[in-house]
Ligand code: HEM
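Presented as structure tokens, the chain that follows is alone, the form predicted alone.
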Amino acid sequence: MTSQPNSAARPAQPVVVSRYDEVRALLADPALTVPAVPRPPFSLTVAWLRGAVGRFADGPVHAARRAASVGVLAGLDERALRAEAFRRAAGHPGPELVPVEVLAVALGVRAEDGARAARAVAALAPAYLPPATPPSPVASPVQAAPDDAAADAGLAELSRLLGDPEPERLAVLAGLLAQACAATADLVRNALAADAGPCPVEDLLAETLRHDPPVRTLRRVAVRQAAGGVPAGTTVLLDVAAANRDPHVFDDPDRFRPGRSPRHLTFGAGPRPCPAERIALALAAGVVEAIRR
């Protein structure tokens, strides 16, 4: 079957997977991956950053970029980050941005510029994710959307505050900060809003990640037939939020109950888990401890 000239092809609806065991199996299946974003020539733009980070790469390129991020994170002291997040959060007018502020300083921003770096990342982060569908090839060229323009300015400011590192390192640092920004802020916000009563902050964060995950879905594409018979070429939406409340795995799943076994899938699994889990938890713990005192 051929399409009519100038007609817009309507993409197939993604397959939604929400059972815990099925989501976990597909996360572990290398047949499911993230479509690679093309890398344009270097410029201080969000379009360049998307094409230069590991999150939107595949295969050996993803592995190499992920290893670079893991190497940077391995040099960070979780206890020091947690203590600094605690110190900065006390009386802070916007405690949700404290984690990215502390992380920016740990990655090379001067301490006195931490708040400016956090604001730059906050401008960059909303435009960091690529569009769910590519633009029409027949669309007229337009100027950058306002969110991309703000993101470009945020990236330029962040680069300056980091000392204008060479592009490969800038991509690693800016990518880590952009990915940490909204997710960690939402984790802090959701944990503070929970009616948990007295409990260890570690238990509070683990149950918040299960019950109200900051990242609720993950999108993947099957490059060949995947687990469960998912055909090649299928877009799969992994409903992490629903999987985290699967009654076949979690007793009384809709009840917020700190102290459960932390089997949630919020940080992913398989070949593409979040590389910054321990750092995100340390930063969020420091902030939540400070605010709950």
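Because the structure is a prediction, the values reported are computed rather than measured. Don't overthink the numbering: it's just position in the shown sequence, from 1.
There is also a form predicted in complex with protoporphyrin IX containing FE (HEM); it is not shown, and the following applies to it.
Of the candidate stretches 115 to 123, 180 to 188, 195 to 203, 82 to 90, only 180 to 188 has residues whose heavy atoms lie within 4.5 Å of protoporphyrin IX containing FE (HEM) in the predicted bound form. Residue contact with protoporphyrin IX containing FE (HEM) in the predicted bound form: R66 places a heavy atom within 4.5 Å of it.
Of the heavy atoms in L218, some are within 4.5 Å of protoporphyrin IX containing FE (HEM) in the predicted bound form. Taking the partner from elsewhere, L158 is found to have every heavy atom lying beyond 4.5 Å of protoporphyrin IX containing FE (HEM) in the predicted bound form. Residue contact with protoporphyrin IX containing FE (HEM) in the predicted bound form: R272 places a heavy atom within 4.5 Å of it. For a residue to qualify, one of its non-hydrogen atoms must sit within 4.5 Å of protoporphyrin IX containing FE (HEM) in the predicted bound form; all three of L73, P214 and T266 qualify. Along 274 to 291, residues C274, P275, A276, I279, A280 each place a heavy atom within 4.5 Å of protoporphyrin IX containing FE (HEM) in the predicted bound form.
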